[in-house]
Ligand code: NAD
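One chain follows as structure tokens, the form predicted alone.
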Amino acid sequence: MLEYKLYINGEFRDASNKGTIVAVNPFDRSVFAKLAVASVEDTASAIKAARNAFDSGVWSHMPKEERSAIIKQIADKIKENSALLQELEIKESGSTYKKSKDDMYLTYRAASTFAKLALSDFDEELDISKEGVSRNLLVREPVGVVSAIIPWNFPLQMAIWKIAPALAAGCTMVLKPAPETSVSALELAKIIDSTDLPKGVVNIITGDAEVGEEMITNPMVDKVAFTGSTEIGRKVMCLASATMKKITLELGGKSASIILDDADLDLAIDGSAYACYFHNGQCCVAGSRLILPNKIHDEVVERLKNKLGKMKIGDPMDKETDIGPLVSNKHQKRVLEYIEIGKKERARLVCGGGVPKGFERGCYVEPTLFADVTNDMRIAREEIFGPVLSVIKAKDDEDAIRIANESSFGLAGGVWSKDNDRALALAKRLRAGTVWINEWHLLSDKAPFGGYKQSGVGRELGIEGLKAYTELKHIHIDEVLDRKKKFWYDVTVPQD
């Protein structure tokens, strides 16, 4: 059995109270690893290590060229160890082989992108500067110590989405992965330890709510970066407010995929299925609401039903598997409960809805399709985070936009149409942070990512994501240098 320790101040150590948790493979519920689980004392120790490392200037004052080179070291070692990282992520999260292989590349790419962005020069002179009067500079400095808390759906990728920009900005940090998927983060700690990154700059610990609360409330922390549910995001925001910490919150979604009556249905149907069922719907941007005009409704629903029937449910290690298990038994039960809610709300179950035969031992749920859904139903309003698609009828384009925006979330959305001008007009009216036209799920490391409304606060990725780990400072340099000319002083201080 694999064993992992906490990574604090450049050392691998047991928990101070000797506490441990186990990693469970959702494919067959077998235990494959034992991990040290941090106490509050361990958490405070990790934060102190990050604080000392930041205050020493060993990282924040390092020339950006050197910081960039070390981040690139991390990226390259992720690439070198991608086969092992992929295997571990499949075992702990249920990610399919096909999906996790892409995740390894995207993780490497994100780290490489921020290695380049670390070279960015944000300093500028404002145009209010006037020769002989003053110079006015804007400079960006690292925000300080960061507490990063990540979810279980993309374990390694989410870790790098937090670590890479924080390091690029010159910050130090403590990272806590989800209890269900801590193995890949602790394996990443080994990779980081093998680079030239100074001790204490990155600390990786495990734990649940108690550990998370210490990470959010500890006064030595300057910023909290959280990805997870909106429900927990609200609690993070409240706890961080006590010390006015900077926050980035990437939260839930209930994204709407709108197929217009002129769409290429071969593309739109496959794309909408990909939008919802990719990684079993365990994506914050999942297109879990499908909005259809009456004209094409019945055809699209029938073709979707046939498409879902062709998806291969199987062992996630099998290279041909399309649908693997959900992350845990607990989450499986939650998704099945939502399916029962949909039935009670009198939505029409078109297909799926249960545990696939032959996979009762694992945490599986069939790809599920509901039709005759109205936007006031719970299955249309609440984030299920599973392979459940709700189809809603719309009278016209105007009605489709109304339905799409009638949500407390605003993370993503999409429009399918052969007419780009028509689609773009609707895309601009969707209240969401990312909108695709004739596509879904594709994100760029160089473009900002985040949500409107209760889908979050701030942005990740790209220059905006890097700036989120900085503080903005205005420096005024006086060039008058003559007391007699500084008449404004006379308001308070008389001249001699």
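Residues carry their position along the shown sequence, with the first being 1. This structure is a prediction, so every number in the text was calculated from the model and none was measured.
Absent from the display: the form predicted in complex with the ligand. The rest refers to it.
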Any non-hydrogen atom of C284 within 4.5 angstroms of the ligand in the predicted bound form: yes
D208 within 4.5 Å of the ligand in the predicted bound form, heavy atoms: yes
Residue contact check: E250 to the ligand in the predicted bound form, 4.5 Å heavy atom: yes
V350 within 4.5 Å of the ligand in the predicted bound form, heavy atoms: no
Contact test, all of K176, P179 and E383, partner the ligand in the predicted bound form, heavy atom 4.5 Å: yes
Option from 131 to 139, 295 to 303, 144 to 152, 269 to 277 whose residues, in the predicted bound form, bring a heavy atom within 4.5 Å of the ligand: 144 to 152
Among the candidates F449, F27, W440, F54, the residue which, in the predicted bound form, approaches the ligand to within 4.5 Å (heavy atoms): F449
Residue among L411, A225, L167, L290 with a heavy atom within 4.5 Å of the ligand in the predicted bound form: L411
